[in-house]
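Only one chain is given next, in structure tokens, and it is the form predicted alone.
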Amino acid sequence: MSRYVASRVAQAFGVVLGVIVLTFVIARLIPGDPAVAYAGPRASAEELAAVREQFGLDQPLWQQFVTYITGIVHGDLGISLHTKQPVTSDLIQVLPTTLVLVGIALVFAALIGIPLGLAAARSQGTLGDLAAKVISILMVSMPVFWLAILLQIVFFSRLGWLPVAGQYDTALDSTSPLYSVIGVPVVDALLTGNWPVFASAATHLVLPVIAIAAYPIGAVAMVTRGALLENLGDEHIRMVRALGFSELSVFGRFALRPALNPIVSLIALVFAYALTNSFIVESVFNWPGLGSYAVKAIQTLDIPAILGVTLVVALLYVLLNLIVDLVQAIIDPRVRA
């Protein structure tokens, strides 16, 4: 097991290093002058030269790369050209908001997708199975930006059931002031017992969570169905049925557990997809998280911020895949053979 863990950690380190090199090169190939983005289009030549010297943009590329790597090792991702604040502190502020949003969406996707796939497998070849497959295909195929706008039109404009944007109703600040704990209103309200703000924040979560969770629900349902049907044909399943176990036990205890490996692997993959989809969803729902920060960084050619966001997303994805590999090795020892 220790050799397997060391191998996976080394692979993860190699992937992160590759991402750092690739994003640094791409960021330097983006058209435009970061010094102009920082100092403004009316800045004089002297002011632009001072900015380039301040951020090391006048140095050779190899020296800029060495400085960037050294900064990463020390937790310094540079100064944002847009916010004029350290990128590290900016990311610490916006990252929890996105992680809570994506985390809730993935939990929701698992709670819906796994039972949907289980129901489809149990009713193979019936109308229920067909309906589950159609629903899964629609969720996987639906563009996230279109779904987000559609949800706003239906549930806010037409029905008036749910709020259209934001994290909570800011009018509550006068009657139920919110005390920040981690900077995420729904979590802060829960931890401090601020129930009016918690109720408002929970309703504001519904539409963006559905928009992000749609693709993972469809993907998890299809993978769960396929894995269950494959396992149901195994010899041990026929033996379990011959021993008189109920169909619920056959599916839940003996067929679903071996199917967890592909499901766990898929959750790691859809995490990256959900995280990138959150960039669009946050823009549509005015959600001040990592996605909104990334969009502003791209619009303003904020290279330090772009590199910081890319690095954080890559680290999260690699870390989650590493955890999934270790969990799979524990569930099924054959994985580490």
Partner chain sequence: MSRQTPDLLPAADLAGEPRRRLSRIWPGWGSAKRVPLLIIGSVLGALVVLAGLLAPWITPYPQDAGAVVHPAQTLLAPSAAHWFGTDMVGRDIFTRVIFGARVSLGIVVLVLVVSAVVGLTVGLAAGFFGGWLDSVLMRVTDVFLAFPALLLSVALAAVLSPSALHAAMAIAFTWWPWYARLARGQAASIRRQGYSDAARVLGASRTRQLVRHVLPNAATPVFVQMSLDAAGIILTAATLSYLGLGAQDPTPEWGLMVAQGQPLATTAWWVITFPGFAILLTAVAFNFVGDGLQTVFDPKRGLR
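In this text, all values refer to a predicted model and were calculated from it rather than measured experimentally. Positions refer to the first chain, counted from 1.
The discussion below concerns the form predicted together with the partner chain, not included here.
J.: To verify the annotation, which of these, 96, 226, 71, 86, has a non-hydrogen atom within 4.5 Å of the partner chain in the model of the complex?
T.: That would be 226.
J.: Just one of 188-196, 126-134, 71-79, 102-110 has heavy atoms within 4.5 Å of the partner chain in the model of the complex; which?
T.: Checking each option against the 4.5 Å cut-off leaves 126-134.
J.: Given that the partner is absent here, does residue 19 sit within 4.5 Å of the partner chain in the model of the complex, heavy atoms only?
T.: The answer is yes: residue 19 has a heavy atom within 4.5 Å of the partner chain.
J.: Spell out, yes or no, whether the shortest heavy atom distance between residue 51 and the partner chain in the model of the complex is within 4.5 Å.
T.: Residue-level check for residue 51: no, no contact with the partner chain.
J.: Is residue 310 part of the interface with the partner chain in the model of the complex - any heavy atom within 4.5 Å?
T.: Although the partner chain is absent here, residue 310 would touch it in the model of the complex, with heavy atoms inside 4.5 Å.
J.: Is residue 210 a contact residue for the partner chain in the model of the complex, using a 4.5 Å heavy atom cut-off?
T.: Contact with the partner chain, no.
J.: Can you work out whether the partner chain is within 4.5 angstroms of a heavy atom in all three of 142, 153 and 269 in the model of the complex?
T.: Each of the three qualifies.
J.: For a quick check, can you give me the residues of 274-300 that have a heavy atom within 4.5 Å of the partner chain in the model of the complex?
T.: The stretch 274-300, when checked against the partner chain in the model of the complex, contributes 276, 277, 279, 280, 284, 295, 298 at the 4.5 Å heavy-atom cut-off.
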